[in-house]
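This document opens with one chain alone, in structure tokens, the form predicted alone.
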């Protein structure tokens, strides 16, 4: 089966890392079309996955955009749709990995008469999308032969927004557990960051208001003075104003000696290994939460906001801890619990690591996707 994968960004977010793994399984039978250039293209090329940048500049529509912004983007979308439609005639199906890719892919599939697959990595709710964008996503997705949802939470939100439940199959993101299992000496890294003797809480995500970095900063003021936080990630989608707000919050709370913003890093696993706890603090429902699973695979005590897919990944008090979204005091209490009872925290982390290794195997994820593709698209090839 030959697949034309589409993604709206050239930057490596959670959806793109998932696509990287899926496309690797179709390495010699696919092309990945990106709507902008960036480090994600380089990652694909390193895996020897064919990739093309199909647009000269990023599509100027956001999840919160309304009808007017959509109309202004038509002059940019129409040539891109035509290009994708022509390109897709060399493939059996179009596999849209993001919402903008879905809009382009659905339109192109109509023109080229190629099957459409949509990999849903989002919660289609008012917290994440404007009303017109939710309606557009559902309208386009309901034309697909298959919608792959990355969690039960994503599936439920899609159906509630008007999506056809018969189209949806849930497939969790997959990982290669052995990448996370190796023992790493983090003393040199710890020293280089000036974190010796600190109880380090790690936050791994792009800097964005809904990811809730401000909640962890707020929680630090209620924690012991030995508790420090590292923030790994950048503002990927024009959210620089939020970064400035975080810096101002650090100064206002007097946390400048307890907080480090490390920006985009490629050494995520060593940085996770350095942490005593990893915190996930999204204030809106998380569609999946790759960081949660990665932390569990690293054997780290994991605290996640109880919304979206997080309860599917963590069994509270068994494989981690769930706290109310946007509740800095409850987050601080849980961090302090892990600090004061390290043996208990380590035992919970060990159970989580074992379960995550079994539940989120990349080979099983790719096998499920392959099965669903052939099951749903088989009729198109006859």
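Just so it is clear, the model here is predicted, and its values are computed rather than measured. Numbering follows the first chain given and starts at 1.
This protein has a second form, the form predicted in complex with a small molecule, left out of what is shown; the following refers to that one.
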> Taking 4.5 angstroms as the cut-off for heavy atoms, does residue 110 touch the small molecule in the model of the complex?
Replying inline: no
> Does any heavy atom of residue 242 come within 4.5 Å of a heavy atom of the small molecule in the model of the complex?
Replying inline: no
> Is there a heavy atom of residue 89 no more than 4.5 Å from a heavy atom of the small molecule in the model of the complex?
Replying inline: no
>> How about residue 233 - does it come within 4.5 Å of the small molecule in the model of the complex, if we only consider non-hydrogen atoms?
In response: yes
>> So if I measure heavy atom distances to the small molecule in the model of the complex, which of the stretches 102 to 110, 257 to 265, 130 to 138, 159 to 167 falls within 4.5 Å?
In response: 257 to 265
>> Going by heavy atom distances of 4.5 angstroms or less, which of 301, 202, 308, 289 would be at the interface with the small molecule in the model of the complex?
In response: 289
> So in the model of the complex, are 36, 40 and 83 all sitting within 4.5 Å of the small molecule, heavy atoms only?
Replying inline: no
